[in-house]
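Listed next as structure tokens: two forms of one protein chain, kept apart as structure 1 and structure 2.
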Structure 1
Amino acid sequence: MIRVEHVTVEVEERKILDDVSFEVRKGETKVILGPSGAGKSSLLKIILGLWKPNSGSVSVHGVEITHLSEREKMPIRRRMSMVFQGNALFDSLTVAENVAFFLQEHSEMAEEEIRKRIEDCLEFVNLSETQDLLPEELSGGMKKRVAIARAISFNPEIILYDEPTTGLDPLNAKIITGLIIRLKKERAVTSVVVTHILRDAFAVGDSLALMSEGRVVFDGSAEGLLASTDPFVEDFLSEIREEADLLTHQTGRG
């Protein structure tokens, strides 16, 4: 479904991505792990065709997209959707209007069909009762679920998630990872999930790519990651575990 081959991106003579290669198979959930500044979110922009690499190629659905015009990319983008880290909901629109926005702007669906699609998408994320609410009336976890409802509104084959559980409490984070898993099982969605949270990566990922300073330093299974003797991998895992232990200790004291 997605193939990234030897992609390099430079911004002001600084390499954001450095000879990055990986692939995502149909129906797979690929997790891109790494610390802040590793280049994870930049990869999503490359896959969406928002950035053009300095070198290398990106193929989506078997189509090489790096040299396509914006008009030529549109049919491919319509088969993908994005769940943004900040949700990107329109504050002045209701939940229902947010979910319907792209359908009304970019489809020829009748209003009744759009209304039914809104109901189905909000039911999937267990927010049927929120249609008339504004984003400011929702919790952080609910906003993320609305963002997912909007992302699935036009039945995409690929969904890209940028830090989908960052800032959420453990319960809401588990709800979001559960939705990602359901979309794979029930709708055969292919996903790319960018995160720095190891627990979520292991929960949803069929394969994991760990990035450092714009390069992929590991690409494989969760078991392979845990067994790796690469110094950066070991350091990354130890830091994540220390943060988790500290959080657990602080929560226990509180």
Structure 2
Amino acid sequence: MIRVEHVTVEVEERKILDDVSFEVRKGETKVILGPSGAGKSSLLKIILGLWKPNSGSVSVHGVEITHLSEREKMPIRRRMSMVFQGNALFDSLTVAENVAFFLQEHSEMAEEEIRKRIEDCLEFVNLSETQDLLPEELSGGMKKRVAIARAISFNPEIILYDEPTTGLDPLNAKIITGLIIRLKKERAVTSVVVTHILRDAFAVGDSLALMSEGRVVFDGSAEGLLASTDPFVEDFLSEIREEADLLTHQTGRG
């Protein structure tokens, strides 16, 4: 579904991504873990085709996208969506207009149909009452949910989430992870979830990759991650080890 091979990105002679390879299968939720600055957001932008890698290849739905023009990427983008780290809601548009954006730009749907779709999407994230508000009038958790509603408005098969729960209280974080799981279950969405919160990673992930300084240092299951003896993995886990242990007991993993 998504295949990233030997991707390297250099900005001003600094390697932001260094020979990154991994794969996400259809219907799978892949979690990308890693400390701040590891290159997680950059990786998502590469997958989305917003940036071109210096070398390596990215293919989505079996189509190699690195050499495509913006126009040629359109068919891929119709099937793929992203929830940005800072939400990136269009702040001059209302919530409803934000959610309707893609459909109004690219679909032949009638106004009535679009309105119905907006209602459905907002209902899915439990924000039906906010249609006419501007993004600045929403709380952080609500913004995140609007961003998810916008991302699902055109029923994409792939959704990329960039730190969907960072900066939210545990309750809101749980609501968001709940939505990610529901999207996977009810709509068979293939997801890539970037996070550095281990609890959420284990809650949503089918497999996990750990990044550090532009490299993938681990790629595999949650059990494998916890059992890993790689010094960096141990280091990364050590601070949250207790919490992780607790979780493994609770979920019966490992």
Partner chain sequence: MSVAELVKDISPIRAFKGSIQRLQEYSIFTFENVRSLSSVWRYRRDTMEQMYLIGAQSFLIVFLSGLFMGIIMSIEGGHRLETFGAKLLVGRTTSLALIRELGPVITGLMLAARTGAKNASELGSMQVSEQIDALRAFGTNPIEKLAVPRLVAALIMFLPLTLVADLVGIVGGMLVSDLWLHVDPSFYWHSAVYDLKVKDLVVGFAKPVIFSFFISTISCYYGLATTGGTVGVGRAAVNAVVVASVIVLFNDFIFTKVIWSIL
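Take the two forms, superpose them, and find the largest set of C-alpha atoms that agree within 1.5 Å; that set is the rigid core. Bear in mind the structure is a predicted one, so any value in this text is a computation, not a measurement. All residue numbers here follow the sequence of structure 1, with the first residue given the number 1.
Of the two forms shown, structure 2 is the one predicted together with the partner chain, while structure 1 is not. In the core-superposed comparison between structures 1 and 2, the C-alpha atom of residue 181 has shifted by less than 2 angstroms. Summarising the core-aligned comparison between structures 1 and 2, the C-alpha atom of residue 94 is found to shift 2.4 Å.
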